[in-house]
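Listed next as structure tokens is one chain, alone, in the form predicted on its own.
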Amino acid sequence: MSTVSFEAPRGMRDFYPEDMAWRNRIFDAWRRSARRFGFQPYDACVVESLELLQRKSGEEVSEQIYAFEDKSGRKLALRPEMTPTLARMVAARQSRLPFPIKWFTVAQCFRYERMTRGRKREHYQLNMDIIGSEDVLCEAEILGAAVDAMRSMGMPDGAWRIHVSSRALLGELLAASGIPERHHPAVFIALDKRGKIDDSEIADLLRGEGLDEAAIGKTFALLAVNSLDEAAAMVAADSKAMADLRGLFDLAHAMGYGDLLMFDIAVIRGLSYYTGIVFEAFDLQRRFRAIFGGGRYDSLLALVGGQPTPAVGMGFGDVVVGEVLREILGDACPEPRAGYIIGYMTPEQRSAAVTLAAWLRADGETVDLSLVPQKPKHFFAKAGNSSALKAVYIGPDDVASGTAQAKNLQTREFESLSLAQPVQP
């Protein structure tokens, strides 16, 4: 028999304790920032209806779905993203929900795609969505929470930017260039592939959609628009898409992150359900894929059978941001020291160590209790590599005196702890 591989399946990940330090850094920042901005947590099953995902996730994701049939012949899949599931859940209780709602989740998602740096076949992502309001303040709040999370992780503002555009604006620009609206969805999908395939291949996709050479040239020319003022000169003065974009930039400045936003008409997003403002965050040198992305999707609830309801949301994956953080901060992920580590010299001191650990835990402290006797140098070497703030080593003299010394591993100061302290109920 062949030897069983100890590696995780290709594209999947194991998380050893040192990996969990990075994951916790990211997840804790996500949850803290989502809560700080008033988002409520939710969750859902990881298995979804294949039909829902194929119809709502767009061309590229449909090709990447992990699909299967259950024992009853139902066509199911591992979710490749969370938004269609969210739409299904909201539509199921639409008449009872107090709109607008602000929900978030940290969900594991699966896509069978080509492996590159920052791209796995499974990942966790923060999803934040606001459903039930057309106001551009929704986009500003979601981006504000994402910025808060990035800063909380230790990402410096000078290392990244949020690229912002609008599908509605690009639609207006295409129409002003003489390209009929019926072609716009296919144009969006083709242009979103820029950077992934050659422009000649994108042109072939546009020809396949029925665009002539003049229309193709005008489409590529739009991607050279590099400012809101330049775009504004090409659309109607009362353009709602332009007003929303200007409103978002104004709100971002008022909320303290305006300098992180930049207009980028090339941001389109590949998923077919986006309808308005769209955004993607990148490291400044564009060495990685998008750190997070999202936008407005006002039509999705109606597409899954619910009532038409405005919505905006984002997905923030753990793989890319983890790579960027390591690039900037280094491979080590030091955790703040907290709690105690307790060791003892011989089996005769074990009872005292156990009693002290129980007392400290009952008092709300975290305690790492050594499981075997250790020599002092071995214990303190272990303590130095741990995340504990204070180290307590109990020997025969400590038991005899009824007092142990807790060493602060940062300040090197000592404090006395009574070994006679009763355990709190």
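Heads up: residue numbers just count along the shown sequence, starting at 1. Small disclaimer: the values here were computed from a predicted structure and weren't measured.
Below, we refer to the form predicted together with ligand HAM, which is not included among the displayed structures.
Considering non-hydrogen atoms and a 4.5 Å limit, which listed residue (Leu173, Met242, Ala290, Leu211) is close to ligand HAM in the predicted bound form? Of the candidates Leu173, Met242, Ala290, Leu211, Ala290 is the one lying within 4.5 Å of ligand HAM in the predicted bound form.
Among the candidates Arg111, His163, Lys102, Arg167, the residue which, in the predicted bound form, approaches ligand HAM to within 4.5 Å (heavy atoms): It is Arg111.
So in the predicted bound form, does any heavy atom of Tyr344 sit within 4.5 Å of ligand HAM? Looking in the predicted bound form, residue contacts with ligand HAM do not include Tyr344, since no heavy atom lies within 4.5 Å.
Should Thr83 be counted as a contact of ligand HAM in the predicted bound form, where contact means heavy atoms within 4.5 Å? Output for Thr83 is yes: heavy atoms within 4.5 Å of ligand HAM.
Residue contact check: Arg88 to ligand HAM in the predicted bound form, 4.5 Å heavy atom: Close contact is absent here: in the predicted bound form, Arg88 is far from ligand HAM, nothing within 4.5 Å, heavy atoms only.
Is it the case that Met314, even though its partner is missing from this view, gets within 4.5 Å of ligand HAM in the predicted bound form, heavy atoms only? Met314: contacts ligand HAM in the predicted bound form.
Given a 4.5 Å cut-off on heavy atoms, tell me which of 334-342, 115-123, 223-231, 250-258 is the interface stretch with ligand HAM in the predicted bound form. Careful reading of the contacts points to 115-123.
Enumerate the residues of 125-152 that have a non-hydrogen atom within 4.5 Å of ligand HAM in the predicted bound form, in sequence order, or give none. Residues within 4.5 Å: Gln125, Asn127, Asp129.
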